[in-house]
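A lone chain, given as structure tokens: the form predicted on its own.
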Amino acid sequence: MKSLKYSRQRECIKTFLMGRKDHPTADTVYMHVRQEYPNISLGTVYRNLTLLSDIGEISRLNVGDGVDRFDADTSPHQHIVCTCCGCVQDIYLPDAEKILNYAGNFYGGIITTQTINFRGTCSDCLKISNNN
């Protein structure tokens, strides 16, 4: 594979994602990167997010809201999605490997990846609903 040419804009995108735990959308990434690179286009941000995802440096998440979100944490983990505010939080299940093996026993093939998204109400939304 041809080596990847360094890009300050791509590095800015990666650095931004590494400092976030909220799984931002491409639009959120664009709004941030634009502060440092005012002439960057949304298309450039999308292309770089796609490239970083394709080469495994970030993860692209589809949590069912129709918008791709991005995560710099590529370690095996799952997500919890709040059905009220839409926030996405990481969760690290200690037995996730067992779930993968269990599913593999029924599949008859080889499972290479898994995506588990839990849905519920986050603690912030619970506090708001309890105060009303």
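The numbering used is simple: start at 1 and walk along the sequence shown. Bear in mind that the values here come from a model prediction, so they are computed numbers and not experimental data.
Although it is not shown, the form predicted together with another copy of the chain is what the next lines describe.
Using a 4.5 angstroms limit between non-hydrogen atoms, residue 126 touches another copy of the chain in the predicted bound form. Proximity of residue 75 to another copy of the chain in the predicted bound form falls outside the 4.5 Å heavy atom cutoff.
Another copy of the chain is not drawn, but in the predicted bound form it has a heavy atom within 4.5 Å of residue 62. In the predicted bound form, at least one heavy atom of residue 111 sits within 4.5 Å of a heavy atom of another copy of the chain.
With the partner removed from view, the residue among 55, 84, 91, 31 that has a non-hydrogen atom within 4.5 Å of another copy of the chain in the predicted bound form turns out to be 91. Site residues 4, 18 and 21 are none of them in contact with another copy of the chain in the predicted bound form, judged by any heavy atom within 4.5 Å.
Of all the residues from 99-127, those having a non-hydrogen atom no more than 4.5 Å from another copy of the chain in the predicted bound form are 99, 100, 102, 103, 106, 107, 108, 109, 110, 111, 112, 113, 114, 115, 116, 117, 118, 119, 120, 121, 122, 123, 126.
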